[in-house]
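Only one chain is shown below, in structure tokens, and it's the form predicted alone.
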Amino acid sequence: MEDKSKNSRRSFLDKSLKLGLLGVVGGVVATKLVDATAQEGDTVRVLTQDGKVMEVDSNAVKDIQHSHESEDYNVREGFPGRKFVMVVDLAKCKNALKCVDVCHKEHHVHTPNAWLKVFKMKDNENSSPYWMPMFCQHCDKPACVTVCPVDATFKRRDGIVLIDNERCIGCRFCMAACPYNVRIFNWGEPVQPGIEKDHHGTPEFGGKPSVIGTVDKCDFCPHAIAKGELPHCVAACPTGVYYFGDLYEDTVTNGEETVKFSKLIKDRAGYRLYETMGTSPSVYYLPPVDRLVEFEDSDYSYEQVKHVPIPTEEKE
């Protein structure tokens, strides 16, 4: 059952991209394909821009392929006509840490250099505690990009902020400029079992080795998006905490539930961190009210394990 759920989540973007997301169907902009396996003559359900579900003939759905090999795709430009956004529902987070585990696995990082951290939050002695995932906010006006002297940190048109560690000189100006404290520095030689040391890839490739003396951070998993999959943290979360989608489409999904982005933010009083800083983050948080899961203190959290030594490679 769990594997089935994960497969459903990971294949969502593939279904969405086949729909085209921006394809006009009978005067209605289709933004969600519920059944992407429809045969000729069948009908499929689509979500319109105003949030209504309607059935259309499957032949009317335009097939638009966004692929890594597309002539329009460039690693520093991103996917044309897209603007990716993440929503984190704090009412659903129970600190299962599946998101952290899969992030470590897919990006070959360890806890001290975690790209995604889950913090126990309690505003004051009278308030209730809650769990809060924290990672790069992929800002529209990123201070990190502004201060980088060698153009190693860059923002793509689809909203994703990346680091080219072949350009990075380790000055850490970006770390000082980031108000969210989500970047990490590789002080020592990164230990990355399972990844070839001589592997070379582009900045959006999730398996690219970290480099000593350079900066790392969350990358929104563009290597997964290129394959039509959701970011790994979204696909792995057992309680549907993370919603990912396209701001231009006004649609986000956690793989099982697809909703209109603007309505979700308005109805649930969504907010962005440090709004007054002027960075315009692409990550929104929903307050931890009317919780769907009970808060349970955990023996395992980022705060408790962040000083655990990095595992060493086994010697032959």
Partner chain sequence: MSTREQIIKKLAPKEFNTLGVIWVALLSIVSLAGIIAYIDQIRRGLEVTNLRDYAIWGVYISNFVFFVATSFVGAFTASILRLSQKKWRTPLVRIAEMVAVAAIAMAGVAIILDMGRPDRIPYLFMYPRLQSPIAWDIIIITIYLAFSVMLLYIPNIPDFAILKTFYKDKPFLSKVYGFLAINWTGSAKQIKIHQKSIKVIAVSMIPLALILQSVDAWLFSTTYRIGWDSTNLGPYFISGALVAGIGALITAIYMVRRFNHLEEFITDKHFDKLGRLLVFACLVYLYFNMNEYLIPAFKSTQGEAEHLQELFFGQYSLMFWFAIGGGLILPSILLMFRKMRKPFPMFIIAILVVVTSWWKRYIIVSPALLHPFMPIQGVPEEWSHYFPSLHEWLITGGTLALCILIITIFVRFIPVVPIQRTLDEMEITATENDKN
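Positions refer to the first chain, counted from 1. Keep in mind the model is a prediction, meaning the values are calculated, not measured.
Quick note: we don't show the form predicted together with the partner chain, though the next part is all about it.
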{"query": "Distance check, His107 to the partner chain in the model of the complex, heavy atom within 4.5 Å", "finding": "no"}
{"query": "Non-hydrogen atom contact Val56 with the partner chain in the model of the complex at 4.5 angstroms", "finding": "no"}
{"query": "Touches the partner chain in the model of the complex: Asp140 (any heavy atom, 4.5 Å)", "finding": "no"}
{"query": "4.5 Å heavy atom contact, Tyr248 to the partner chain in the model of the complex", "finding": "no"}
{"query": "Partner-contacting position among Arg157, Arg172, Lys98, Lys227 - heavy atom within 4.5 Å of the partner chain in the model of the complex", "finding": "Arg172"}
{"query": "Option from 87-95, 232-240, 217-225, 174-182 whose residues, in the model of the complex, bring a heavy atom within 4.5 Å of the partner chain", "finding": "174-182"}
{"query": "Members of 104-139 lying within 4.5 angstroms of the partner chain, judged by heavy atom, in the model of the complex", "finding": "Thr111, Pro112, Asn113, Lys117, Val118, Phe119, Lys120, Met121, Met132, Met134"}
